[in-house]
Structure formats: structure tokens, C-alpha cells
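The chain that follows stands alone, in the form predicted on its own, written as C-alpha cells.
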């Protein structure tokens, strides 16, 4: 599903180079639930951004679902991301002037899905995450937990093969966080691939595999609490 070879990302900070990732070699099997953990600055978010094509590597190679992301131009990369990948952010990233339903429809609008089918699919996915009754509201009228459910619905609406969630529970209370993790577990149980980036080691009990990053390198790679090895190292 995901293959990284000598993957590196370096940023220029003032007069110095900051090596966010340092030659990562990693393979993740299709259908696995993988948690990426580590302290702030360990490279977790950089890794997530490279997997989703939001960022580009400085060196090395990353292949996701057979596509070499470094070889795609921006237009092809955007189309690939829209059809293959769902992304959930800590800060929700909802457009405040659009209704809940309109926010969820955005990925389908990008792919040119028929308006009627788009509406039907939106209502289905909002019902699945438990907030179909909020479809006509604006995001700011919702609680943080409800907004994150909208973000998850938007990420899942195109039925992606890969879901990447970057600190998705960071702004939520513990009970709501558990509800969100239940949704992610259900996604993974459906045979699709989930990459969960988090500093919460307790969440690793939900995963098949736990990868620890430290200073841009892999510092640990073990089976998670779901009781089976979800990936090929």
C-alpha cells in the first residue's frame, strides 16, 4: 500500500537546514491500522504530509497504491489525492461559510460527481457518523466533536482506500476522542488502510502496528493492541 525508500524532508530555517525526516525506509500493508507516535518535532506530521502528497520529499521515494508521488505533477497529484486519500486534520479545516452538507460535498464537486448522487452520498455518510440532523447548519454552530465528525465524513465521502488522520483528537475531550477512534476502527475493519498520527501512546492499543519516530528517524516498530501485525517492515 505504502512504500518509502530513503525518504527525507529538509526545510530551510534561517541560515540552517532542519532535517524533519532522515532517510525513512518503511512499508505499510493494505488494510492495516498503523499509529505513528512521537514527541513534537519528531517528524510525524511531515510523514503524514508526504503520504498524502500535501508536501514533497527532498530526497528518496514514496509510492502509495502504485503511484510514485514524486513523479506526479501538481494537477495529477491533486486528482490522485481526491480519489484515493481521505485526510483528517486536528483543526477540522471546514469552510465556515458553507453548511455541513456543502463541506462534505466538496471532494465530490472536485471530481465532478453528479449533484444528485453527491447529495445522496453526503446524507449517507453524515448519517453514518451520527450528525445527519446537522446537515443544514454552519460549522461554527457545532461543537468541536461534531465538527470533527463533519471532517471525517468529508474525508470518507469519496470512499478512499487510505485515510490519514493527523492528531485528529487533539482538540477533543476524552469521551469524544474515543467516539472518533471508534469511527476510525470501523473504517479499518472494512479492509482499508488507516494511518493515525498522534502523540497519545494510549491510542496505540487501537492499532495493528505502532511506529515511533524520533528526530526524523524510526525509533520503534512494534505490533499494536489489536493483536495482529498490520504491516510489512
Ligand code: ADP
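Residue numbers count along the first chain shown, from 1. This one's a predicted model, so the numbers in the text were calculated from it and none came from an experiment.
Form predicted together with adenosine-5'-diphosphate (ADP): not shown, discussed below.
Trainee: Under a 4.5 angstroms heavy atom criterion, identify the one residue in 176, 67, 45, 185 near adenosine-5'-diphosphate (ADP) in the predicted bound form.
Mentor: Result of the distance check: 45.
Trainee: Should residue 41 be classed as touching adenosine-5'-diphosphate (ADP) in the predicted bound form when contacts are defined as heavy atoms within 4.5 Å?
Mentor: Yes, contact at 4.5 Å.
Trainee: In the predicted bound form, is there a heavy atom of adenosine-5'-diphosphate (ADP) that lies within 4.5 Å of any heavy atom of residue 20, even though the partner is absent here?
Mentor: Contact check for residue 20: yes, within 4.5 Å of adenosine-5'-diphosphate (ADP) in the predicted bound form.
Trainee: Please determine, with the chain shown alone, which of 58-66, 32-40, 204-212, 168-176 has non-hydrogen atoms within 4.5 Å of adenosine-5'-diphosphate (ADP) in the predicted bound form.
Mentor: Contact-bearing stretch, as computed: 32-40.
Trainee: Using a 4.5 Å cut-off on any heavy atom, which residues of 1-17 would contact adenosine-5'-diphosphate (ADP) in the predicted bound form?
Mentor: The stretch 1-17, when checked against adenosine-5'-diphosphate (ADP) in the predicted bound form, contributes 11, 13 at the 4.5 Å heavy-atom cut-off.
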